[in-house]
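One chain follows as structure tokens, the form predicted on its own.
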Amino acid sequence: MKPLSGIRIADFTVHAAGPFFTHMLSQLGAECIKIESALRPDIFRKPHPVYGRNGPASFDQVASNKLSVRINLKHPDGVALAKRLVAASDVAAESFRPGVMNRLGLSYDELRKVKQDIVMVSVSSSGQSGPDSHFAGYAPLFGAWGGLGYLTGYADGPPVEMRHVMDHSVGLNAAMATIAALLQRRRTGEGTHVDVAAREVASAAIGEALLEAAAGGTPRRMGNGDLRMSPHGAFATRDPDRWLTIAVDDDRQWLAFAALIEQAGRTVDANFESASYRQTHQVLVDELVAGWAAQQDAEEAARLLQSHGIPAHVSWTTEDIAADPHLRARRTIIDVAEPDGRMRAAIGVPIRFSETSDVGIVRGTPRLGEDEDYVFGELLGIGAAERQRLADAQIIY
């Protein structure tokens, strides 16, 4: 049995951060029912050229495992139908701008009337309260507003836009908070409203920089550098677009590395034996390492450095990851069927449980309304005639 077997989620989330959070819980066994309509489908269902394919790639990533039903939330009867689904669920998840669920008649207070111990999870840009709560936002805004974007990039370049990694970080925080809320409910019998602010997730990731600023310092972008390790970064090799990542942690590792560089016919400044000297002269160290790496085969260089106890690896492409036998063996990379029957690679849940071997993706992307026979018929007990009436009235639409 999966860890979250028996937990049901009424999933009102859209776009990426919210759907990724419910997707993670679905891989742990929760039954996740995605609520959309033909009038307002998740915008990520729209095909767009990304990840090397012209399809709903982003939606495919976060919708696998989920069930799909159509409910027109613009109609009072649609709201009533959504409440029936919430009443049969443990979690109600949403990622609209604050106030939208309240205007729809689906606020936490309203949902508690139909399910007293419901756990409601709201994911938004700046939270459900405060002077900035009305702002909408997407991943680049979360990272920029939270300070993570400003600290990311090269010292002589602009801040770097944070995209999917920001959505996924928000989703992981929301998933963790949901499990905590469910545990609290088990202990106390009480539900709760979980408020996840995406920009605060970004700020939580820059704790050291905030401490430095509070102490009077000025945190700055430093590219791939490190405050302690040197060399530390990604270096181009002789292979086109094949980069070697190296992180020298101490003087012992540097001496081993310096010997390899000298064997390749390059002169190494003896002063580099001191970590503090290397840190002060990072530009010179990086130039030396870059010159050595530019003559190397990426894979061979990584193996050579590793054999001498130096942390190094090729910076893998997505093609490398999808074909990796190790990840395939651990079912981190699996093949799932798309709605048209074609198979595609997908990323499974990066978690293993000693007593459970079947966590992860068990089905591909659902078609809009694909699971209404089960959800409306079996789960909610709505008969065929009533379902037809709701369809004719564009409630189920």
Partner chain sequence: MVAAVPVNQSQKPLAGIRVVELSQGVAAAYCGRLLAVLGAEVTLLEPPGGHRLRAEPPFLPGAAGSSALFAYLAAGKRSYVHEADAGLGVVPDELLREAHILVHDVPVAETEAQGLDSETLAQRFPNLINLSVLPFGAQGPKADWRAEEINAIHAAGEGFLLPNGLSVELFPDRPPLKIYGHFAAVQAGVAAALGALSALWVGKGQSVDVSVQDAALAVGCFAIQRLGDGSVEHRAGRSFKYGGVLECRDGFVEVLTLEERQWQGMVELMDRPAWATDGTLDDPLERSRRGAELNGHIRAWARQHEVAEIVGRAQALGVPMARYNAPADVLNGPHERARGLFQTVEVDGAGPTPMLVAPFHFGGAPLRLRGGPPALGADGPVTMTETSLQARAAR
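Source: prediction; values computed, not measured. Positions refer to the first chain, counted from 1.
The discussion below concerns the form predicted in complex with the partner chain, not included here.
> Which residue, Asp132, Asp117, Asp297, Glu110, has a heavy atom that falls within 4.5 Å of the partner chain in the model of the complex?
The residue from Asp132, Asp117, Asp297, Glu110 that makes the contact is Asp132.
> Could you spot which one of Met101, Leu85, Leu182, Val289 gets a heavy atom to within 4.5 Å of the partner chain in the model of the complex?
Among Met101, Leu85, Leu182, Val289, a heavy atom within 4.5 Å of the partner chain in the model of the complex occurs only for Leu182.
> Residue-level contact is defined here as any heavy atom of the residue lying within 4.5 Å of the partner chain in the model of the complex; does His193 satisfy this criterion?
The answer is yes: His193 has a heavy atom within 4.5 Å of the partner chain.
> Considering only heavy atoms, tell me if His164 and the partner chain come within 4.5 Å of each other in the model of the complex.
Although the partner chain is absent here, His164 would touch it in the model of the complex, with heavy atoms inside 4.5 Å.
> Using a 4.5 angstroms cut-off on non-hydrogen atoms, would Thr332 count as touching the partner chain in the model of the complex?
It does: once the partner chain is placed as it appears in the model of the complex, Thr332 has a heavy atom within 4.5 Å of it.
> Is it the case that Ile33, even though its partner is missing from this view, gets within 4.5 Å of the partner chain in the model of the complex, heavy atoms only?
Contact with the partner chain, no.
> Among Gly147, Gly233 and Trp243, does every residue place a heavy atom within 4.5 Å of the partner chain in the model of the complex?
Checking in the model of the complex: Gly147, Gly233 and Trp243 are all within 4.5 Å of the partner chain.
> Looking at 70-78, 154-162, 289-297, 268-276, which stretch has residues with any non-hydrogen atom within 4.5 Å of the partner chain in the model of the complex?
Stretch 154-162 is the one.
> Across 244-260, which residues bring a heavy atom to within 4.5 Å of the partner chain in the model of the complex?
Those in contact are Thr245, Ile246, Ala247, Asp249, Arg252, Gln253.
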